[in-house]
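In structure tokens, the next block holds one chain alone, the form predicted on its own.
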């Protein structure tokens, strides 16, 4: 068994292209969720967090030719580049593996109006992942994790397992998704999107906000050269499936409870050790109730919990990574970030929602995710 350290991070959403920009805006309660009037995405107005395409083009042009890569690929490549440039990880090494987390990848290329510039096979997840890894000169076959909205957390856990096995020394774990007509219309068909900025765990929550974005977490068996107090390890993780419904979570929270308790067991900690939980917190009625039940049953009702979805929406395959990256930075600074949109307690079991920026020593944090098909995942990070 090896210690697996977090040695680099990045997030790209509507809040900015660096982790520092995200932390600054979250500390100041600034949301990137806006009213969107884009008939290409949906005929009616909706609220979402979208990337500025002009800014993305400008940023990517400094490292590559934007015309050679799709928007999805540009986001993930740029995020990985920004994480790697200040790290000692050799991205091209045969001992470095790329793991790509996404729910839909280049699904916009199914629209023939957008696909003319790229080969037909670019729509396949394996092909997009190959393009991303090859950009960095890595010749290993990249691994794709596409497991609905738990993809990012599963990707971190899978990378941890690979590095623990000794198969690789480093993992570049990148997750992301973009807003497309297919994605927006799909969530609208479920009537699951909010009429404003979402309200996780709130009594008046009415749905989620979609978000575009990408996040990168670099994992290594070698700690970065920094203050030992700033070293963060992946201690353990687990996933489960409650097989409840194609899109609805278990009403009892059993699946998430099993994932959380198995993750704590693998990390050799108890509920009393957990200092903070970064929840999935989509602000849909069923999800937030399910999470509250699972946390309560696991003995975590007194542990501070937040959801970051109100700042940059639900970034699907990127959510588990982007939210882990931000939570790890909060852990380093001993800060608990406010749950944007939350005002009045509104879930079925008592849990402790972070409603303002709070200073708190954190040694162990839990990140969770839940998704379509009844899937659930959890990962433990530790100082």
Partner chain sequence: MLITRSVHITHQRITCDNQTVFETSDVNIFTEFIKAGFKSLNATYPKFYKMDSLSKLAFVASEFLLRDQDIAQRYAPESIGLVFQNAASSIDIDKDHQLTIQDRANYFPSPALFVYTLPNIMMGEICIRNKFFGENALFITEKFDAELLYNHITVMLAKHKMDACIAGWTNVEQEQYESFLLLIEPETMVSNSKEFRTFDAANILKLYTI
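Residue numbers count along the first chain shown, from 1. Here the structure is a predicted model, which means the values were calculated and not measured.
Same protein, other form: the form predicted in complex with its partner chain, not shown, and the subject of what follows.
A.B. asks: When its partner chain is placed as it is in the predicted complex, are 53, 63 and 81 each within 4.5 Å of it, taking any non-hydrogen atom of the residue?
C.D. replies: None of them does, since no heavy atom lies within 4.5 Å of the partner.
A.B. asks: So which of 125, 91, 301, 271 reaches within 4.5 angstroms of its partner chain in the predicted complex, heavy atom to heavy atom?
C.D. replies: It is 125 that has a heavy atom within 4.5 Å of the partner.
A.B. asks: Going by heavy atom distances of 4.5 angstroms or less, which of 237, 310, 249, 213 would be at the interface with its partner chain in the predicted complex?
C.D. replies: None of the others qualify; the residue that does is 237.
A.B. asks: Any idea which of 197 to 205, 68 to 76, 256 to 264, 215 to 223 reaches within 4.5 Å of its partner chain in the predicted complex, heavy atoms considered?
C.D. replies: Single hit among the candidates: 256 to 264.
A.B. asks: Even though the partner isn't displayed, in the predicted complex is residue 111 close enough to its partner chain, meaning a heavy atom within 4.5 Å?
C.D. replies: Yes, residue 111 lies within 4.5 Å of its partner chain in the predicted complex.
A.B. asks: Would you classify residue 231 as touching its partner chain in the predicted complex, given a 4.5 Å non-hydrogen atom cut-off?
C.D. replies: Result no; residue 231 lies far from its partner chain in the predicted complex.
A.B. asks: State yes or no: in the predicted complex, is some non-hydrogen atom of residue 241 no more than 4.5 angstroms from a non-hydrogen atom of its partner chain?
C.D. replies: Yes - in the predicted complex, heavy atoms of residue 241 and its partner chain come within 4.5 Å of each other.
A.B. asks: Taking any heavy atom pair closer than or equal to 4.5 Å as contact, tell me whether residue 135 reaches its partner chain in the predicted complex.
C.D. replies: Residue-level check for residue 135: no, no contact with its partner chain.
A.B. asks: May I ask you to list the residues of 18 to 44 that have any heavy atom within 4.5 angstroms of its partner chain in the predicted complex, in sequence order?
C.D. replies: If the 4.5 Å heavy-atom criterion is applied to its partner chain in the predicted complex, 18 to 44 yields 39, 40, 42, 43.
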